[in-house]
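Quick setup: one chain, the form predicted on its own, written in structure tokens, and binding and motion questions come after.
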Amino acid sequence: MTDDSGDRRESTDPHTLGIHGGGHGSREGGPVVPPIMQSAAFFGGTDGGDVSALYSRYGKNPNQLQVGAKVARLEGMEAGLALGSGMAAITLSVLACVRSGGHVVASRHLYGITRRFLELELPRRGVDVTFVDPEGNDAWRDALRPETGLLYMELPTNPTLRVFDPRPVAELARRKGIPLALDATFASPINFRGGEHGIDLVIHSATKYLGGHTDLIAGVVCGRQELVERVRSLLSLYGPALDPHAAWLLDRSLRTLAVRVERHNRSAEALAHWFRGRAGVEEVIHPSLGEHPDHDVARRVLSGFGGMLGVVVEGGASGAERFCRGLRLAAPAPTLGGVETLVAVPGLSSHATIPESERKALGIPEGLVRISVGLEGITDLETDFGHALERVRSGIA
């Protein structure tokens, strides 16, 4: 028998880490699958030790610790922390780096709810935010202030699938001694490994690709030990701990993450090429396509082009609605990254609170449909999307 002191701990292969990372070793008579520690608390606390290690609300339940450590291994980071949602991971990461009187420099290209948090909530806490065009490295530098405590960006961006090179931003952050936090939900650790690119904090809505089955809500933060512990201290105050059963489900899903994402990558790229030139389609957005504005950057930075796909259909918002109503296999739903193919119209959902003029400036036209390509057969998906495009062209409501 082997244990976790063996050579497999040295592996950087995501297929291996998804199964064996996180510290669950093999021993005679032990379970192959880690058990669920469905307990709010653990005996002890009278000897002056760390009481937080005995209470699941502090994020130190064995299931919570194991899944956080596994994602950290996948990212090539020192430490990882599992939380109750992706937004919990985002908000606590930001709050861990700035305080009243501080300043954040953030990309203009962000998930709509993240943008709302930065615009509406941080000012209430005395924190200023400057949004910059992430394509220009000078913009990041010029926006810095003495009180800047955090740089923040996404890769790829939601929903426009822009791939802005994080390496110059990471170098700037390193020189200035400012943490760079990056939401890599759309990439997953399979397509982008934060530890290899100088990122200080990598954030995931684990509800998406890490969970992969649309059956749990979770978030993960990975990074330097000191920064992750800052986030953990806020977890103890605000309380968005991940339930042990959900942590166990997330760990189970990570065992197949690499093979799932590889299939997502292949299927999305195949569909991107299928959509090109189709009647009823004005634009196809996927980093694998040569006409994508960041194709060259994506080839250098990403290990795979991702399972997310954007299609701009004719007829604006009404055309996008007709497209979605014409689907039989894929279906509208406000999430992504699962085994099933799901669609959303960002102008009517995740980015509805952003003014139309600004959405267009960000590359979010009214007819944009965001497609999270699942694991179904490609021919079946092509048939389904073909039927939906017929409804767009015919104007059927």
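Quick caveat, the model's predicted, so the values are computed rather than measured. For every residue, the number given is its place in the sequence shown, counted from 1.
FYI, the form predicted in complex with a small molecule isn't displayed, but the following is about it.
Contact between residue 85 and the small molecule in the predicted bound form is found at the 4.5 Å heavy atom cutoff. Put simply, residue 251 is far from the small molecule in the predicted bound form: not one heavy atom of it is within 4.5 Å. Although the partner is absent here, residue 207 sits close enough that one of its heavy atoms falls within 4.5 Å of the small molecule in the predicted bound form. In the predicted bound form, the small molecule lies within 4.5 Å of some heavy atom of residue 90. With respect to the small molecule in the predicted bound form, the three residues 267, 330 and 388 uniformly fall beyond 4.5 angstroms at the level of their nearest heavy atom. Note on the interface: of 279 to 287, 299 to 307, 181 to 189, 255 to 263, the segment with non-hydrogen atoms within 4.5 angstroms of the small molecule in the predicted bound form is 181 to 189. In terms of contact with the small molecule in the predicted bound form, the residue from 106, 221, 218, 74 that brings a heavy atom within 4.5 Å is 218.
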